[in-house]
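A single chain, nothing else alongside it, follows as structure tokens in the form predicted alone.
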Amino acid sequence: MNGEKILEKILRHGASEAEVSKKTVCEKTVIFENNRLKSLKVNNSTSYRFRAVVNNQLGVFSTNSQEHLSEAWVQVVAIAKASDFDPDAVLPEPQPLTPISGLFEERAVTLSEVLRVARKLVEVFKNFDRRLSVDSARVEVVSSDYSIINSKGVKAEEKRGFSQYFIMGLATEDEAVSSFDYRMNTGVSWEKTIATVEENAISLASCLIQSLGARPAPIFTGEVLLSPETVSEFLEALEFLVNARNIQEKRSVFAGKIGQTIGSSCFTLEDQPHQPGQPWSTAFDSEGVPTRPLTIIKKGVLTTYLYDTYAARRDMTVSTGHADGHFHSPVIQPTASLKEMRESITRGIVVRRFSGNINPINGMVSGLVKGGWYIENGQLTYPITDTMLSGDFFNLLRNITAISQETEPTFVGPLPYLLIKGVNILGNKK
């Protein structure tokens, strides 16, 4: 259904402002579970979101059903009229957009190609050693077309696509069982993305075999080398803390700390949503507001919050293009090579995966180390299990000592390793 016609109907039904967004998605997916092919499918979907403002009362209505479209304007206006009055409930004004190149590959990947790569991923991994087992593996190709229009003149559309694979497995020998671990890659280009399938399958297999025979680390306070996956969890807590809505609702301790030091002087965090050819890049947010490169923390100093239109109006500032409250493409500036970082560790552990909780409200960090290693004098000494780490998130931010030049793929983009001092490591009392 035409977005402009729906806008007209929402306005005629009593709204002073209206917005319509539409997203179509095509997914081609192959999934393995427990060493066996589980499913292969092609899924096409279309979803809509409607927003209406009636006398500073905001209503939102979403659907992925064509049947509901015929009454969408009635529903969204009724929801707006039933909502509380809010002077800051307005839709954004139009702004110039900067298109980003390389977000979509015209080449059509077939389901048979996806299946072929999935089989290769699983077979290379399993053929490395009979002690290996696939927990799950997934290869997918996704394309999407997102458009948004509002009654103030916002009009934006972006076609995007990415290819992605993921494999998680474990190793067993007699009664010994390794921790689960995984490898993945994602990118706009199908050929470039799948080029690393064999390399990553072998890397995962080798690491799992080496992790057999793990034992608890000692109890001590030392250095922790966080893997990129664990760093992504670290960033989730930071997203919460710098979200302007959480600041305004007094859920974040970063309220009032713009211009203040909240982290290590070696820590600089940026959001870089305009990188060409990256699946996380985007020209605009879900309100149609332009995104832009943004330095969030500079050498440990907090420089900005993440704003949508509503929060920006409340603070009498402008939206940063973060209507969803998340970093688009986080980049942490490096300070050293991974080799230098590891060799600098006198006593510590590597955290491959973290199974626990990072609470951004009270700062409590506590959980189990998965796929970790104990380090002494820069050497990986032995794989560890039954080991916890604990600390205060805000102290961890201040105790970052190095950031790797090397990055690894994660589900939020390529991220580096972080080295943090003064972390409590809880293993064996002996």
Partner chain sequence: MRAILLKIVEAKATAVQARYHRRRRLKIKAENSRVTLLSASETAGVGFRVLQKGIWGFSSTSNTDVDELKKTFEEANQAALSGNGLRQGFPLVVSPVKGVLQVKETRPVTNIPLEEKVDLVRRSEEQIKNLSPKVVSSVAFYEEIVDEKIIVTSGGTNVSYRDVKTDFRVLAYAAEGSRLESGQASVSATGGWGELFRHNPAEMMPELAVKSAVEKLQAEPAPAGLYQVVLHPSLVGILAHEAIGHTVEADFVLAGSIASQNLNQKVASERITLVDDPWPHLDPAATGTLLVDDEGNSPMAAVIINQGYLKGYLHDMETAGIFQVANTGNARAFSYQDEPLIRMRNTYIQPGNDAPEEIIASTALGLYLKGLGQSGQADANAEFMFGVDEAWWIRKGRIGRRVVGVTISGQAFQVLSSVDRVGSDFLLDSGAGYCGKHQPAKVDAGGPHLRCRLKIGGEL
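Numbering follows the first chain given and starts at 1. Note that the structure is predicted; figures quoted are calculated from it, not measured.
Keep in mind that the form predicted together with the partner chain is missing from the display, and what follows is about it.
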Pick from 176 to 184, 155 to 163, 260 to 268, 298 to 306: which stretch has non-hydrogen atoms within 4.5 Å of the partner chain in the model of the complex?
176 to 184
Checking Asn377, Asn55, Asn64, Ser70 against the partner chain in the model of the complex, the residue with a non-hydrogen atom inside 4.5 angstroms turns out to be Asn64
Students should find that, of Lys192, His326, Arg314, Arg347, the residue having a non-hydrogen atom no more than 4.5 angstroms from the partner chain in the model of the complex is Arg314
Consider Asn399 of the chain shown here, and say whether it contacts the partner chain in the model of the complex, taking contact as heavy atoms within 4.5 Å.
no
Since only the chain is shown here, I'm wondering whether Gly356 would be in contact with the partner chain in the model of the complex (any heavy atom pair within 4.5 Å).
yes
Is Lys120 close enough to the partner chain in the model of the complex to count, meaning some heavy atom within 4.5 Å?
no
Is Ala82 close enough to the partner chain in the model of the complex to count, meaning some heavy atom within 4.5 Å?
yes
Residues of 153 to 174 having any heavy atom within 4.5 Å of the partner chain in the model of the complex, listed in sequence order:
Leu170, Thr172, Asp174
